[in-house]
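In the block that follows, a single chain appears as structure tokens, in the form predicted on its own.
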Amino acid sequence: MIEYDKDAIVPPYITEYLRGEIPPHHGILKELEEYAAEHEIPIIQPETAQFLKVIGSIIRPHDILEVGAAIGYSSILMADTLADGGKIVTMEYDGDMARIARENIRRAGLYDTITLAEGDAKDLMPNIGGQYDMIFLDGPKAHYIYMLNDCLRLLRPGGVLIADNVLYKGMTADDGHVIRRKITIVKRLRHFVSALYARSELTTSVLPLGDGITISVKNKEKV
């Protein structure tokens, strides 16, 4: 068995180069990065953050739905890409994280832009209405597959669905990397990736960026 390797997706020298070129954040985003590092709270990796900014800047979403707020870092980051008057709905299961996220959102001056719903996303999503230009999945990886139908229901034609950590330290791609206690998560992530490619409503690509990202576009209906 291959030893569990935190750099299984991208070689360390590539990661070091990319992170050396990405412009650093300032203000509250920098503060949240430092807080996450100090308290060992997982937030999106720098390459993933830059990817979200690029995609958001291309599509200029009016409405974003996020699963997995954590301390509010990624929703605050994505808010800068919104169209005028745009809104973000983000979900967080952990009550302590939700409390911290709300305070960070307030400090960022985005309390009227970002709405945080507290609870298990797979239970909350069936009750969500509306249409979203962009959906970002960064919650429990084993639940992605259970949220896919709701994502497709909520995603506007032409909208983008992004999911983080889909290659899961290489375990999704290779049995030799799998840790026994992670088998269920890996099986469900493999099911999720396969389902994305199989859905005729979507055009999907998997990128070996950060811990692995899927990006899917909901196809517009042909006239």
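A residue's number is simply how far along the shown sequence it sits, counting from 1. Source: prediction; values computed, not measured.
Keep in mind the form predicted in complex with a small molecule is missing from the figure; the text below concerns it.
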| item | value |
| --- | --- |
| Contact label in the predicted bound form: residue 68 to the small molecule, heavy atom within 4.5 Å | yes |
| Contact label in the predicted bound form: residue 130 to the small molecule, heavy atom within 4.5 Å | no |
| The small molecule contact in the predicted bound form: residue 94, any heavy atom under 4.5 Å | yes |
| Heavy atom of residue 196 within 4.5 Å of the small molecule in the predicted bound form | no |
| 42, 157, 176, 27 - the one with a heavy atom within 4.5 Å of the small molecule in the predicted bound form | 42 |
| Stretch from 81-89, 114-122, 101-109, 149-157 whose residues place a heavy atom within 4.5 Å of the small molecule in the predicted bound form | 114-122 |
